[in-house]
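Let's start with one chain on its own, the form predicted on its own, as structure tokens.
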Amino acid sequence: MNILLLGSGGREHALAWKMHQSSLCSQLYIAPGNAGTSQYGTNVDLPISKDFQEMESFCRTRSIQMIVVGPEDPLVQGVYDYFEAAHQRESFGASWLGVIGPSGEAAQLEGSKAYAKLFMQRHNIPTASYKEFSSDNYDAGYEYIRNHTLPVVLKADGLAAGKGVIIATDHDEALREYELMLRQSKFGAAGHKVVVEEFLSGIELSVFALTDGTHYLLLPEAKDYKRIGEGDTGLNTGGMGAISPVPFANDAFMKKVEDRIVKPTIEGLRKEQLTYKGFVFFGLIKVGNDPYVIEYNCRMGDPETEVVIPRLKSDLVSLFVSTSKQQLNQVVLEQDQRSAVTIVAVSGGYPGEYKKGVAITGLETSESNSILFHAGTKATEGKVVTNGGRVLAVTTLSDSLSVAVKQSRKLLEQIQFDGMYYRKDIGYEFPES
């Protein structure tokens, strides 16, 4: 079949790498893709958000049978709904399998923190206590924050490119951030509503499910590393690396995750008649021995995808077909028992200002059990250059987590671009694993 994959990051390179291996995949197109995705399909320059008419025209011209959505923006903006309506209006043909991803309303689980909190409340899913405020009740929010225990968490309600969360350790800081969000539009429209949340102390992990709206499969869990500095210090980033599996996520803990969080979420989607055929990302925190939901995402995470997908032995395109046909209950997921580690190399200055167009060398290096995934790259004039803050990631599979870390670091030492930086301590909490 012909497939269109939306996105341009490391997540999309990992998805393209895996889908290309499927005998079901005849032709893969990636919009817009990066210098790495072109190894597994054809990069196409298509707008993937807001106006989907050009994408529809492309799909009809190229006989696309399935669209797989990588990033959140198209989902929140209703790409699923658009193509369902287009198919109903003028059929794409009997072979059309649809969009892998939730409807626009279901994608509000990621698109609106307040929406997600209310959903969790309705279905008794454990999460931090909270209240939401806007300019309409600004003063009430000010007093609530002033009297809140510390630390206190402030979240912009909408999508803010992963930057809309503030953990304030004193009331003055919290009130300043509150004012910046609601009165000075620090996060634009995303911050027109603010969720004020209790701070949960624990260790975080990411859990992923693929659902057809009724049934689901649990994918390998992962832990990512957001801070720019070693030892989890410095500014938050889009992710500096990830590991899978997570050593502390034993069978007893994961049973709690499934019984208290995953099952009630999927059942809640079904009860509320929310169309959902795709990935659910559960951003969790382990408090004591119990899991709580920090956030939902309506797609795979990045860089977690770069460790989760390499651990899948199952045919990914076949899984998507079963998702589309609501037949995931007929599938047994196979996964590699080895550990996977990915380490992300970023541009100098990231997550602040950084240069683009910097030449990258050493990309031809190869090693068994290791994979190089491009993220912020593009091919120009016969060379590969940087095109983003997070530039590339090296993933290694090994029986030992520590060996996988060393192998990924070894390969990164052979890759060079001006200002290149990566953390050398990914997985540092688990030295014996």
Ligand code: AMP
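On a predicted model such as this, the values are computed, not experimentally measured, just so you know. All residue numbers are counted from 1 along the displayed sequence.
Keep in mind the form predicted together with adenosine monophosphate is missing from the figure; the text below concerns it.
- Between adenosine monophosphate and the residues 73, 212, 197, 81, the one pair within 4.5 Å by heavy atoms in the predicted bound form involves 197.
- In terms of contact with adenosine monophosphate in the predicted bound form, the residue from 218, 175, 128, 312 that brings a heavy atom within 4.5 Å is 128.
- Contact with adenosine monophosphate, judged by heavy atoms within 4.5 Å in the predicted bound form, is confined among 151-159, 264-272, 132-140, 82-90 to 151-159.
- In the predicted bound form, adenosine monophosphate sits beyond 4.5 Å of every heavy atom of residue 355.
- Using a 4.5 Å cutoff between non-hydrogen atoms, residue 360 does not count as a contact of adenosine monophosphate in the predicted bound form.
- Mapping the unseen interface onto this chain, residue 118 falls outside it, with no heavy atom inside 4.5 Å of adenosine monophosphate in the predicted bound form.
- Although the partner is absent here, residue 230 sits far enough away that none of its heavy atoms falls within 4.5 Å of adenosine monophosphate in the predicted bound form.
- Contacts between stretch 102-116 and adenosine monophosphate, counted in the predicted bound form as any heavy atom lying within 4.5 Å, involve 113 alone.
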